[in-house]
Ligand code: GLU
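Take a look at this one chain, the form predicted alone, written out in C-alpha cells.
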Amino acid sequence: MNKNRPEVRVRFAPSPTGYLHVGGVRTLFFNWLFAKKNNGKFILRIEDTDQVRSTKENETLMISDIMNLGFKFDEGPCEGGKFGPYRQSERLSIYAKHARQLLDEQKVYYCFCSDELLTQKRKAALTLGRTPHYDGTCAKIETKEAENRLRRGEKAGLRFKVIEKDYVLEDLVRGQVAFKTGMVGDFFITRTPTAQETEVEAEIGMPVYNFSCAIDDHLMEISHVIRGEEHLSNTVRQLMIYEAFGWELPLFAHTAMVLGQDKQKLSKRNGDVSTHDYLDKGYFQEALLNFLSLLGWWPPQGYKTKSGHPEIIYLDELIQIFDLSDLQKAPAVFDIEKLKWMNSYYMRHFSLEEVTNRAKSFFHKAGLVNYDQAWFQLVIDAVRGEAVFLSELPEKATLFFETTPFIEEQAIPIAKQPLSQKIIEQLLEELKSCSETIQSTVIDMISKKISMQTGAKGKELFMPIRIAITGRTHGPELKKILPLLGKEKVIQRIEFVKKALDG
C-alpha cells in the first residue's frame, strides 16, 4: 500500500481514438479488481488531448462497452467527482498553469524546430550510430530571443531539460527497474498545435501524453498506476516530471505484455478485436473477463476454485483473491481457442434462466420474436449444448421456428437407403398411435420397438429417425425435441421428409 496515499485510488485512462480493445479491457479489469479488493476508488479519465483523432462517438461507444461488461466507476466524466474534470480536453488550463511554472523555473525551454528538421536530425543521428536524442539546438536560445520569435508568430513547443542522472523505479511487478543516464534526451511536454487544434494558452502549446498524465495522476491522488508493460518506457519521463514538481510518486505495476499465438504483438489478426465485436458475437462478459484475468496473473498456489476447474474463476472469487503480487512478468499468450472453450463452459454451466435472458436479443436480431416464454426456455435448454456463442443459438434452434422443414443435403442419401425408409415408415406409424402429448420417454420406447422389428441398431437406427424428424444429421437430443415440437408438427415434418425423398 502507498503510505503517503492510504486510500487506494486507481484509474483507467483510455484515449477515444478507436475501439476499446481487449488488451485495454485487461488493464481496466486489473484496476477494477484491485480497487474492489481494497475498498478503493475506481476512476475513468478520458485522455483526449489528441483533438484530431479523438471523437465523442468513440468515447460514447467505449463507455457503452465498459458498461456492458458490467463495470461502474466511482468517478469519471459521467459520474463527476471532486477531482474533475475527467476529460483531459477540459483540463487544458491546468496543464498550461503547470507548464508555465516549469518555464518560470527554467526547467523547460522553447523548441522552434520543425517536424521536418527533427526528422532530419533523427536520421542523421541514426546514420552515425548515435541514440537519436535531441541535440539541444534550441536550449541555447536566450529567453528574450525566444519571446521575440513567439511575438513574431513563430510556433514552438516546450522541451523538458533532462538532468543527467540515473532513475530507479520500484515496480510492484518487475522489482527494481533502472533507467540509466542518457536513455532519454530533452523531450516535449507541449507541442505545436496543428491547424485543427485550439491552443492551450498563448505561447504554451498542446500538452503531450507524459506531461498531462503525470499531472492528472498527481492531482487526482492516484495511489497505484496499473498498466501494460508497453508503458514502461514512458515511466522515466514521468519520474522526471514528478521530480521537477517535487511530488511523491504513486506506486507502479507494469503488467505482462500480451502476445498472439504467433508470439507477435497482439493485433486484430490474432485476437485483439474490439470488445464490442466480442460481445456482439455472443461472448459472455464473465467468460471474457475470466479469460483476460489469466493473461499475466494467476491465483495463489493451492487455491481451490468454486467451479473445480483451475481456470474457471467466478467474479466474486477474483475480487477476493486478486493481488498485485501474483502478477507475472513473462508475456501472456492470447489463445482464442481457450477463450472459445471458456465461453462454451459458461454456456453450459450458467443457469438456464440466465442463458435464456442473454439469448433474447440475439433471437430478436434474427427476427425470431413470437414465442411462449416457458417454451422458449426449453428450446434454449435443448440447443445450448450445441453452441459456443450466444449468437449461434438462433441458428441452432431454427428447426423449432421453421415453417417448412429444411433437409440437409448430406442427409438425403442416408434417408433414401431401404432400411432407413422402413425405419421412417414405422416411426410415423408409432407416433400416430401416441397420445396427443409426447413425453420425452416416447422416443426411447419407439426406438426400441423399431429396433426389434427391423434389427437396426446404433447409428443405422437413430440417424434415419433424426433425419425424419429434424431433416439434419446432428442436433439436440431427440427426447428434448419431440415434446417441444409436439405430435402434430412432428408428424407433419416426417411426412414432408418422406414426400421430399420420394420426389
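These figures come from a predicted structure and were not determined experimentally. Don't overthink the numbering: it's just position in the shown sequence, from 1.
The same protein has a further form, the form predicted in complex with this ligand, not shown here; the description that follows concerns it.
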| property | result |
| --- | --- |
| Contact check for 11, 213 and 227 against this ligand in the predicted bound form, heavy atom at 4.5 Å | yes |
| One stretch from 293-301, 426-434, 310-318, 205-213 that, in the predicted bound form, holds residues within 4.5 Å of this ligand by heavy atom | 205-213 |
| Residue 276: touches this ligand in the predicted bound form, heavy atom cutoff 4.5 angstroms | no |
| This ligand contact at residue 65 in the predicted bound form, heavy atom, 4.5 Å | no |
| Exercise: residue 231 in contact with this ligand in the predicted bound form, heavy atom 4.5 Å | yes |
| Proximity of residue 59 to this ligand in the predicted bound form, heavy atoms at 4.5 Å | no |
| Sequence-ordered list of residues in 29-63 near this ligand in the predicted bound form, where near means a heavy atom within 4.5 Å | 47 |
